[in-house]
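Read the single chain below, which is given as structure tokens and is the form predicted alone.
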Amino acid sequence: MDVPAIAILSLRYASWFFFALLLFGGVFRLAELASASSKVRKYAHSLHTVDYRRFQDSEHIMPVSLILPATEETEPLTNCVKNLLSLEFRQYELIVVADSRNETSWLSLCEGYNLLPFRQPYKKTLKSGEIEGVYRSAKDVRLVVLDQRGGSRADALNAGVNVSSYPIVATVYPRQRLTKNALLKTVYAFVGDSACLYIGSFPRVGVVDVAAPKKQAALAEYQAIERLRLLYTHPLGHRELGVYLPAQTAFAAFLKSAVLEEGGFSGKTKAEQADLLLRMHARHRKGKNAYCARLLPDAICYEAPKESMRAVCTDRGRAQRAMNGALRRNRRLPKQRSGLAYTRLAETGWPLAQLLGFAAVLAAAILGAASYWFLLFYLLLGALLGALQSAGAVLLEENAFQLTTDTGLLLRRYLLAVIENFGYRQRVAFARLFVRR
């Protein structure tokens, strides 16, 4: 069947358009990476001048209420709670909101921390699930456990806020682990700016055990590299909003009074933190109040990698839907168009353009509107730009924070930063747009 000349001409122009878009997008992200490099290195250098031990002993430190929503958790919580109770911070409490009907998670808390019923009056300021009981640990008085039957994750967070005793509330999730000085760095950022309402983190992906199968270890490294690339190659929207929207379960700290003003977390979207922060932005910008929300570049929060590519794709699709839901719910909020528009373009528009570009150039090559050499050059250029972004992000992380001391592991990560552009990135981009599970 003959292809109309107008179709051939349209495909030829579309091929050159997507080629120019690929080149522009790649160069723009490399420029963003260069800009982020100077800022992050300057920030990392400033950390060497901070005496956290002296700050911890000062009168300016603010106590923190850590809230762990675990009502849907069916795995043991012992390791997560142990990590959170081992932080280097003088005064904080850990409030775990769990469901006693999930026997594995509940029994791990009872047996590991000897929970005792406790009569603690509290004011139900925020809408939350029904609390069947309040328990304290006989081993560690900082641990408070709430038995909430059912309810959403937002209900669990609100219940934790209601019971909390301190002026800063911080959310953390079961799959995450915090570094020893995570609370110190977070509270230091609050104290450094009296107008600060929110401090967010960008969770890194932890490495798997060295004895793990090579395929599983490589998948974990791909996820770690992807996370760094997302942090450093388009930070424009992150800086303005103070949050990376698709990371809907990141460690973050809020000023408790600001949370109460907004009516707490909403269960109408899966991205509870992002939704609450966007509402804070709207309220304070409308009132022309002096305030700020910051995203710390520090590696203070880690989460476990997904163990299969199917799980990675499902997680990315879920995160994308959560982000889109938060953006739709807050699309009419005033005076924050640039950050939201950039985030939507970077997280939805660019993956879609990549897939459409590949389809258009492939069709042009098959139908004779472009040569196969053009198709090959297009694919190699995309891989080269992606590899430069990934390797640059890994190099920036290591240069700023010196987290990897094993030279062999670091070289392997650079190699994987190139390899992940041949298959992994394309599958993730497809999942973010089309996976609906």
Partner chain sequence: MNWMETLLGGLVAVLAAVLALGAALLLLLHLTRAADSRRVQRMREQLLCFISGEAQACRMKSRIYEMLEPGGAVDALSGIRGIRSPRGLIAITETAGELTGAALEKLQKEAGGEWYGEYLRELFEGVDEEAMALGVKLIGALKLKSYTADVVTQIYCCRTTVQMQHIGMLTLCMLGAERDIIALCRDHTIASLLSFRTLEEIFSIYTGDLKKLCRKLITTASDPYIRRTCIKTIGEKRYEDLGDLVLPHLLQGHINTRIDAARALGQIRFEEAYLPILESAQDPRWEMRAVVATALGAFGADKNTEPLVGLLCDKEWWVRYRAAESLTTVCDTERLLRRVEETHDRFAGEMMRFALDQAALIRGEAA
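Keep in mind that what you see is a predicted model, and the values were worked out from it rather than measured. Take the two forms, find the largest set of C-alpha atoms that superpose within 1.5 Å, and that set is the rigid core. Numbering follows the first chain given and starts at 1.
A second form of this protein, the form predicted together with the partner chain, is not displayed here; the remarks below concern that form.
Contact here is defined as any heavy atom lying within 4.5 Å of the partner chain in the model of the complex, and by that definition not a single one of A311, Y342 and L345 is a contact residue.
Although the partner is absent here, S35 is not a contact residue: none of its heavy atoms lies within 4.5 angstroms of the partner chain in the model of the complex. Interface residue remark: K42 is counted as part of the site for the partner chain in the model of the complex, having a heavy atom within 4.5 Å. The partner chain is not shown here, and in the model of the complex it never comes within 4.5 Å of any heavy atom of S152.
Contact check for L9: every heavy atom lies farther than 4.5 Å from the partner chain in the model of the complex.
Proximity to the partner chain in the model of the complex, defined as a heavy atom within 4.5 Å, singles out one entry of N330, S165, S108, S100, which is S165. Among the residues Q120, S257, N79, N289, the one placing a heavy atom within 4.5 Å of the partner chain in the model of the complex is Q120.
Note that among 110 to 118, 70 to 78, 263 to 271, 226 to 234, the stretch whose heavy atoms approach the partner chain to within 4.5 Å in the model of the complex is 110 to 118.
Although the partner chain is not shown here, in the model of the complex the stretch 17 to 43 places heavy atoms of F19, L23, K42 within 4.5 Å of it, in sequence order. Taking the rigid core as fixed, one finds a CA shift for S58 of 2 Å or more between this form and the one not shown.
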